[in-house]
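Alright, here's a single protein chain in two forms, structure 1 and structure 2, each given by itself as structure tokens.
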Structure 1
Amino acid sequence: MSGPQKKIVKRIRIDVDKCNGCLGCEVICSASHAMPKYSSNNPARSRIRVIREPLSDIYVPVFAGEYTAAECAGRDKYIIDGKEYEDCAFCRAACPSRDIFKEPDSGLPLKCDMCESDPSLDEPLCVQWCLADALIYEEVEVAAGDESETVAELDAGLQALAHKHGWPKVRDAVDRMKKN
């Protein structure tokens, strides 16, 4: 095997201290995803939302991540420098526990696509519109996940399931999923 694999990851660095709460990022994101492009804007359709509590000086831009069908077993609540953030404030999921990151009309989940387009943009639009530099676009090189580690993880996961349910049930479940 060759040396460790590398891959390029797109990253947006979020500096909450620099956010001035303007919501320009929500405006441009929702406008650029309108059909036809820019024909309307509506922050409710944006893939970035700014969690704002002005009187607590809380401004947290959050990007829409994966959809989740069920909410987590429990919630988290962060207190940083004395500021108490709302439940799950930093979570990116389109989750049944809250309204954000859902198409207002259809309820379908929204997900940030990093403004993938052809030709590609120098920077995602929300970053371009954030003149406060609260959002900074970066491309970083990270180690690609190691194949053998993934297999080891899978083995461990299956062992755990078998331990809990017994091998026959796990085998049945796998067969059933294969058919569907």
Structure 2
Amino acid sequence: MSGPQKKIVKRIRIDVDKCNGCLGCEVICSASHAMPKYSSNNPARSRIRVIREPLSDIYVPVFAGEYTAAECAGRDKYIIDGKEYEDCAFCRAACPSRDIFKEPDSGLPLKCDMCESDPSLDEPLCVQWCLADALIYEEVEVAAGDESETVAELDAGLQALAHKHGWPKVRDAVDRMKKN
């Protein structure tokens, strides 16, 4: 009898102690998502943002995660070097309560795609360009989920996007993503 199915998941681990706030990760990410690729640099297109408090020497990279149609209920506070931060500062989700991680032209939510491209890269561009080694690319083995759950989640996510932004905007965004 075999154990549960396993799959390899790509992820980026962040060592906040090494981040110096240079924003190189934001620059390369936004340039790689420009149309055409590398034609411009607009930080609003970046799938990574660095929370910066230079006077306190605090720099925290945050990646764009899943879209959520509802605002979260949690409002925990974190204190780092005497400065208070809310959950939203470190949240990866694109949600209705804030403009971070939304495409500037269409308003559609952004999500880190781990620089999946053709040909594929050995590691995401932000990791390659992080001179401080604060971003570490990893491939970890995890238990594989049920494929029908993934399809159901995708369908629910697309329905929520279409409800909020309309099918034409969702189709336009998918068409732009296909061209990359």
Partner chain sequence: MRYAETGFNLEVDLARGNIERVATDPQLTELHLGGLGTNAKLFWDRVPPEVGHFDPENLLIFGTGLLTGTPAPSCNRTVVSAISPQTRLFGFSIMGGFFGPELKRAGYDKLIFSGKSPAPVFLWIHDDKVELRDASHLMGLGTLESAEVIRQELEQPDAAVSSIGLAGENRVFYASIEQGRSSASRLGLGAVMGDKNLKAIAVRGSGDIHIADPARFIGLCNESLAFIKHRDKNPLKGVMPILAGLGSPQEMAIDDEKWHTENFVWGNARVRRKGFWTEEVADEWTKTMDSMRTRLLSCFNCPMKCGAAISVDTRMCSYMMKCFSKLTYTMGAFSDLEFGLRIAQKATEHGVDAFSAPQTMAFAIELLEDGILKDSDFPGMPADSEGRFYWLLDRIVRREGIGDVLADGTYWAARKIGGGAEEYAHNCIKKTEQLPLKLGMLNHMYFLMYCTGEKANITQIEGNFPQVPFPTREENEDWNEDWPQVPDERFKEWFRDWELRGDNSIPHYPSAEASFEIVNWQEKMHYIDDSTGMCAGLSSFPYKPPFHIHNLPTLISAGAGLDLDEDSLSHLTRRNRDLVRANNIRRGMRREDEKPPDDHWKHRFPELEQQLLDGYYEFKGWNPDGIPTLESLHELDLDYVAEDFLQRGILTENDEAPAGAAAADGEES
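If you superpose the two forms and keep the largest set of C-alpha atoms that fall within 1.5 Å, you have the rigid core. Everything quoted here is computed from the prediction, not taken from an experiment. By convention here, residues take numbers in order along the sequence of structure 1, the first being 1.
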Structure that is the form predicted alone (1 or 2): 2
When the rigid core is used for the superposition, does Ile12 move between structure 1 and structure 2 (threshold: C-alpha shift of 2 Å or more)? no
Core fit, then Val170 C-alpha moves 2 Å or more between structure 1 and structure 2: yes
